[in-house]
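Before any questions on binding or motion, here is one chain by itself as structure tokens, the form predicted alone.
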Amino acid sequence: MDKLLLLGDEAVAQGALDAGISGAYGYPGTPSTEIFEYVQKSNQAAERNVHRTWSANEKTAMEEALGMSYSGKRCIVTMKHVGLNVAADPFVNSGITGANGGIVVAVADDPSMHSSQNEQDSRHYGNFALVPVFEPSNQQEAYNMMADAFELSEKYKTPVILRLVTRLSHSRSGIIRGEIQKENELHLPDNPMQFMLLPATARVNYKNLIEKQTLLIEEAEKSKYNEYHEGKDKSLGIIACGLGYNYVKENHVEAKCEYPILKICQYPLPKKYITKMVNECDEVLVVEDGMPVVEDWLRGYLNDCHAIHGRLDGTLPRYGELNPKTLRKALNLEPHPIKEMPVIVRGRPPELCKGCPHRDTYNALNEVMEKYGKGHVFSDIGCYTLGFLPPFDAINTCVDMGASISMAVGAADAGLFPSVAVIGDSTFGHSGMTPLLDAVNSKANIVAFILDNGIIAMTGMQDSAVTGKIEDICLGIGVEKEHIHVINPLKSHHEENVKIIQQEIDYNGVSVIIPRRPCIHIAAKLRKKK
């Protein structure tokens, strides 16, 4: 078959296409976005008419994927780690409903928070929902695992997580493609009660899920992705998870590792391998990128009767990305010589693009808010979050998708005046509509800015689900028409915009202001299109 040079994300996408998916669902979020975009741009997907439209958020994506699985066809769901929080309700319940057609939830975690609010490890969700997890150590495994994950999903009628990390998602390697599988035929579940989670059926399903765990452990123990490599020096055993195995190999290019190595890339934990290592080795070092998940599990599994080292005891850093340098230190290997970084490549803080419409919005908002002092503006996830940095210093919070309006409502309830929310158009469609409904129902005294630049700019220019619909959505939710304003965020409209903002702050109730101007990166394309 073909050999392709692919990102880890792209290898997952190609593996899913070759495994015969009929649909892809997801919401953009770095470092997962390229999985979905690869499917969208694929000629192979177009020829087969694979569904590949972005969903409004991760929860709806997971539910839509469950519908395709119910119908007997294979599908992939893509999101970043915090997106799995949004999808947690249907995801955790999907462990109990199980799958009909294969369903793989591809989640990209972001250790070191390169573009995220937190460090979170999706293996916890696999353990919590009692579903198997695949964690590739390289791009070829990311591709190969897709076919195996779908097969496991259908064999045991369970969803499967494929867990990636930033460094694997966004690095390239040569991929050798395997056999292309046909799509499943449409077929409904043999058990008509499988997806009906009334308490009576859910209890039966949950009991079956618990009993299934022994079989899933057996699958992990015979998996080709979990390997035990013998070593002469038994003073230390290394458990290397996912990308951590690559880093162990990278630190032993010059000589073979003298310690036994247990490579774990499929969960639940392969108990027989762990027992073998614990019985043979004096101490154990757990190498994993992300949280100390396996290390923590081992301490419970072994009742603290063994010397276990890793992130919890400080042998490896407790937070941030795993990397070959920190692992080298933990293995007591001599550090590689490192050259000083030239001044020209030193890091610079990010900033809003020149010509970004958010600049003029914040200039107008800042002028109005100056007399009220700091601490009145709640914001959200997106390019506009950069309004926190100089020279704007315009916003005060950023917690999660949709939290700007919710927090503004709570602050207004507490008596804060004025209480202002700033949210982007795509984020409003993702999770801003429900808190706006709360604001209307409680008659909260807030002003909500919905910054409409016509695109999901921060994650790579995907289409926004609410383009052309924002005013109608606000009216449908119950915002009064006379308090919905569309403004043009340009310097030439500055005085007019300041007047409207002040007017709506003075109004006691829910106001929506929609600064509308295309993102500078799509403005030229839109003009050409017109």
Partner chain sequence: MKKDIILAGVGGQGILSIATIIGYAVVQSDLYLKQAEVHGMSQRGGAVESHLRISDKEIHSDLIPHGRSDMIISMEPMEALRYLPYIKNDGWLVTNSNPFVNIPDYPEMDELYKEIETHKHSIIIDGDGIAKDVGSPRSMNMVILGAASPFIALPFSMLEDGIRAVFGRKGEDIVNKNLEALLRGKEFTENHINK
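Numbering follows the first chain given and starts at 1. Predicted model only: the values in this text are computed from it and were never measured.
Form predicted in complex with its partner chain: not shown, discussed below.
Comparing 439-447, 453-461, 142-150, 208-216 against its partner chain in the predicted complex, the single stretch with non-hydrogen atoms within 4.5 angstroms of it is 453-461. Proximity of T361, S431 and A524 to its partner chain in the predicted complex is absent: no residue of the three has a non-hydrogen atom within 4.5 angstroms. Between its partner chain and the residues A240, L322, V409, V377, the one pair within 4.5 Å by heavy atoms in the predicted complex involves L322. Of the listed positions (L186, A200, A255, V345), a single one reaches within 4.5 angstroms of its partner chain by any non-hydrogen atom in the predicted complex, namely V345. Contact between A414 and its partner chain in the predicted complex is not found at the 4.5 Å heavy atom cutoff. At least one heavy atom of K3 is located within 4.5 Å of its partner chain in the predicted complex.
At the 4.5 Å threshold, heavy atoms of E504 stay clear of its partner chain in the predicted complex, well away from it. Though the partner is left out of this view, E283 does not reach within 4.5 Å of its partner chain in the predicted complex, counting heavy atoms only. Contacts between 153-185 and its partner chain, taken as any heavy atom within 4.5 Å in the predicted complex, involve R167, H170, S171, R172, S173, G174.
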